[in-house]
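Just the one chain here, laid out as structure tokens, in the form predicted on its own.
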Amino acid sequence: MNGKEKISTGIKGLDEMTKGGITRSSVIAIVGPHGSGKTLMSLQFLNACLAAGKSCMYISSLHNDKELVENGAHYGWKFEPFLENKLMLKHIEPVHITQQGVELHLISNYLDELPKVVSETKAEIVIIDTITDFLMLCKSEIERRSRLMGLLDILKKNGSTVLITAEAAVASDMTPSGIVEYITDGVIVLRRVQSQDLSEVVHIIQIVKLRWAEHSREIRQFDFTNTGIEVYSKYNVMLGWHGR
């Protein structure tokens, strides 16, 4: 990947950590617990890519098209004008509830539907929020590995640059099986820690993997602002100090 184009994440501090952004045609995972900022970071990346004139597909298992457009508008990101040509929003529900008589049944074709959707796109940027549902529907570790590898192989053959989000396991910085971290080209971990005086929860970010690319290994603090996520300078967890 050395010498390839870098694509801005839309977050100045994160671009500094990645030495210019995400490498084109790579697969990057954002891993963190619920509420850590994964979806917001993925939408901020989407906004930056659209501003750079790239064609994008955003696949969500959590939010419908209207919610994504409204969420973006809250931070000043106008997605709607791009829907006619540069942006495809796709909401796929992993599980459907159907009623047969008095019984309720859970039905899912997500494991087949998601690969079909990505195989039909030639978008330069593909964002999947979240890959966790896809993996949870698999019945074994072998199936999880093979299906995820198959999905990402489709995207790589299409030449897409891919960003996926994934839930971290309880009391861990990693996904439950660790397959996401193993298969992807890069892993950005979001964490929540208590400040030294225990008065607040601090959000921190670290790049734990960026294959074939130079990157910062610093732990930095980030915050949520009315214009999106802002990553600050190096954060000293032990001293509870941070600066801009």
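Start at 1 with the first residue shown and count on from there. As the structure is a prediction and not an experimental result, all values here were calculated from the model.
Not on display, but discussed next: the form predicted together with a small molecule.
**Student:** Taking the small molecule in the predicted complex as the reference, which of Ser55, Thr175, Ser36, Ser26 has a non-hydrogen atom within 4.5 Å?
**Tutor:** Selected residue: Ser36.
**Student:** Ok, Ile219, Ile183, Leu40, Ala51: which has a heavy atom sitting within 4.5 Å of the small molecule in the predicted complex?
**Tutor:** Result of the distance check: Leu40.
**Student:** Does the small molecule get within 4.5 angstroms of any non-hydrogen atom of Phe224 in the predicted complex?
**Tutor:** Contact check for Phe224: yes, within 4.5 Å of the small molecule in the predicted complex.
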